[in-house]
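What follows is one chain in structure tokens, specifically the form predicted on its own.
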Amino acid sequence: MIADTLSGGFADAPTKSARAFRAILEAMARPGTIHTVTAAQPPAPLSVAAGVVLLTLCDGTTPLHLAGTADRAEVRDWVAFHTGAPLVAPEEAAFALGRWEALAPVSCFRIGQPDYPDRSATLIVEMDRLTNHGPALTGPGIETATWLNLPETAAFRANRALFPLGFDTIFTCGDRIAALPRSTRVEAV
């Protein structure tokens, strides 16, 4: 429905997007910390947090891949209206959104190039829950160690081995986000 496509964006875009950007930066700078974000109402099945991340980080120049249940007409229309992000195949995506199972195999996403490691994908992974329990995380931005429930550890350990190449990950659940940059070490469980 057209009304659903037109609604759900930031009511006060400059202020809301600045606050959301700050929360996303904090999550990336301090891996494993959980932050609350609000002000978006994307269509189902997307969470508020996934909508906020899309509204904040995507625009007409950021190729987006929608995977699994996220790839539906209501979401595509909402993304087109609010961000203008072109929808692409996984290997072309700067951002990819979906549940972990739908994004697999993650090896199909860009990991950058030795001379341009920033030309990699950021995965936005929808989760059923987001808690500070799970594998230990260490590395830049983490004083000693922190913990975060992850959908698996092997893929993130393999991703870290590629550093400075690799993908970055933002986890979303309800109105909460956490991040796992490629520089973070994930301990085996």
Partner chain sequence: MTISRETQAYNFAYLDEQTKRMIRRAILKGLAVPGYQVPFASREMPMPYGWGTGGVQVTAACLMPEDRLKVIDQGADDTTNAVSIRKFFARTAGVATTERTGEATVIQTRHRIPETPLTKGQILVYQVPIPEPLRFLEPRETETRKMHELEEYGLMHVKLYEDIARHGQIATSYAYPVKVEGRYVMDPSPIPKFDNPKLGQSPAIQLFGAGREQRIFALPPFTDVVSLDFDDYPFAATKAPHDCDLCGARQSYLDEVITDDRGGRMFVCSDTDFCAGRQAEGKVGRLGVGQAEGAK
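These numbers come from a predicted model, not from an experiment. Numbering follows the first chain given and starts at 1.
A second form of this protein, the form predicted together with the partner chain, is not displayed here; the remarks below concern that form.
- Contact with the partner chain, judged by heavy atoms within 4.5 Å in the predicted complex, is confined among 124 to 132, 38 to 46, 150 to 158, 61 to 69 to 61 to 69.
- When the partner chain is considered in the predicted complex, Cys173 lies well away from it, no heavy atom lying within 4.5 Å.
- The closest heavy atom approach of Glu101 to the partner chain in the predicted complex falls outside 4.5 Å.
- Remark: Ser120 counts among the residues lining the partner chain in the predicted complex, judged by a heavy atom distance of 4.5 Å or less.
- Taking non-hydrogen atoms only, Ile142 approaches the partner chain to within 4.5 angstroms in the predicted complex.
- Contact annotation for 23 to 60: residues with any non-hydrogen atom within 4.5 angstroms of the partner chain in the predicted complex are Ile24, Leu25, Glu26, Met28, Ala29, Arg30, Leu55, Thr56, Leu57, Cys58, Asp59, listed in sequence order.
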